[in-house]
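Below sits a lone chain in structure tokens, taken as the form predicted on its own.
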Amino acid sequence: MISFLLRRALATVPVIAIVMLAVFLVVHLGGSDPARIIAGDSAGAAEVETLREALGLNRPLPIQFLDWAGNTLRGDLGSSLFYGTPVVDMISVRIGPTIALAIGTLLFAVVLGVPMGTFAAVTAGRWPDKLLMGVASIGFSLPIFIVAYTLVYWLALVPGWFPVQGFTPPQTDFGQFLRGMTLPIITLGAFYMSLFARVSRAAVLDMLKEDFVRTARAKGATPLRVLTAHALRCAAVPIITIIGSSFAGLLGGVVVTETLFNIPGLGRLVTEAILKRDFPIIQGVILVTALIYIFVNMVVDMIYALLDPRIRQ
């Protein structure tokens, strides 16, 4: 198992290098000139060229990449073109709300979605299965903004149970933090709960048809033990895969939810940066999100190593 994990860890090194190169090229070959943006429309050609030289933008692209990669490996993602603030500081302030929203959404979706899918598999073809999969289909199909506005009206505006917008840090007021995150979590969680339910149903249903499950039943194992010790354990691999991928996707896909509920996270930060063409922020956010995605996949691989007896050998 240790050798398997070491191979997986070493395999991430070239992946990180490719991600860094892709992030750099996407931003620098986008057709916009950072020097022109900083100087403003009223600046002359000589002034823009002087600024390009000061920023090092007149050097060959490979040299610019090596300098940027070296600074990045030292933890320096540059400074914002508009605010002058280090990008690392801006990301460190904004990443907390995004991670809180992603983790809360994932917990909500897993706690509800996996049992839904498992129960639907056990009752396959009967009315509980059809009802649960119908609910899952609705949650999977509804646009996020429709779910958000519906929740805001029925749970915030009418009864006043939850705030409509805003984010309270947990260290300031944990109760208010939970109240403020409830609607955004349910909004995002409706989709992922439905996704996990459908994947769990398919995975568990496939396992229930396997020979080893029939053998366990023939040996007198109780239905609960057959489900938990045999079917669910073997079905855990595809379920964990989709959960891990979903967490990484959540970090890059919370833009709409953060905008609707006025949450100051990475989604809003990168949206503002794109509108202002603030390239260092765009580079930094994309790179951090990609690194988190790689890290999550490494964690999923570790879980594989614990679940799969062939790897533990």
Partner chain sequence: MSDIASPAPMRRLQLDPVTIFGLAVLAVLVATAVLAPWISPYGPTDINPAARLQPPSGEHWLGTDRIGRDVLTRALHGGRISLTVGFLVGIAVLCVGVVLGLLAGSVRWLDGLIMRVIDGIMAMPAVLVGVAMVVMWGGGLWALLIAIGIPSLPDTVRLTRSLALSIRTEPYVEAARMGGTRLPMLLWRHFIPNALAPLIVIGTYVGANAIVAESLLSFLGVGMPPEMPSWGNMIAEGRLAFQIAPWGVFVPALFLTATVLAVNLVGDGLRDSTDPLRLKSD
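Just so it is clear, the structure is predicted and the values come from calculations on it, not from any experiment. Numbering follows the first chain given and starts at 1.
Another form exists, predicted in complex with its partner chain; not displayed. Remarks below refer to it.
If we take heavy atoms and a 4.5 Å cut-off, which stretch out of 211-219, 117-125, 68-76, 146-154 is in contact with its partner chain in the predicted complex? Checking each option against the 4.5 Å cut-off leaves 146-154.
Using heavy atoms only and a 4.5 Å cut-off, decide whether all three of 137, 206 and 260 touch its partner chain in the predicted complex. Yes, because 137, 206 and 260 each have a heavy atom that approaches its partner chain to within 4.5 Å in the predicted complex.
Please tell me whether any heavy atom belonging to residue 63 falls inside 4.5 Å of a heavy atom of its partner chain, as the geometry stands in the predicted complex. Result no; residue 63 lies far from its partner chain in the predicted complex.
Test of understanding: in the predicted complex, would residue 57 fall inside 4.5 Å of its partner chain by heavy atoms? Heavy-atom contact with its partner chain at 4.5 Å: absent for residue 57.
Using the partner position in the predicted complex, report whether residue 25 sits within 4.5 Å of its partner chain, counting heavy atoms only. Looking in the predicted complex, residue contacts with its partner chain include residue 25, since a heavy atom lies within 4.5 Å.
Contact flag, residue 142 vs its partner chain in the predicted complex, heavy atom cut 4.5 Å: Close contact exists here: in the predicted complex, residue 142 approaches its partner chain to within 4.5 Å, heavy atoms only.
So which bits of 174-213 sit within 4.5 Å of its partner chain in the predicted complex, heavy atoms only? 198, 202, 206 sit within 4.5 Å of the partner.
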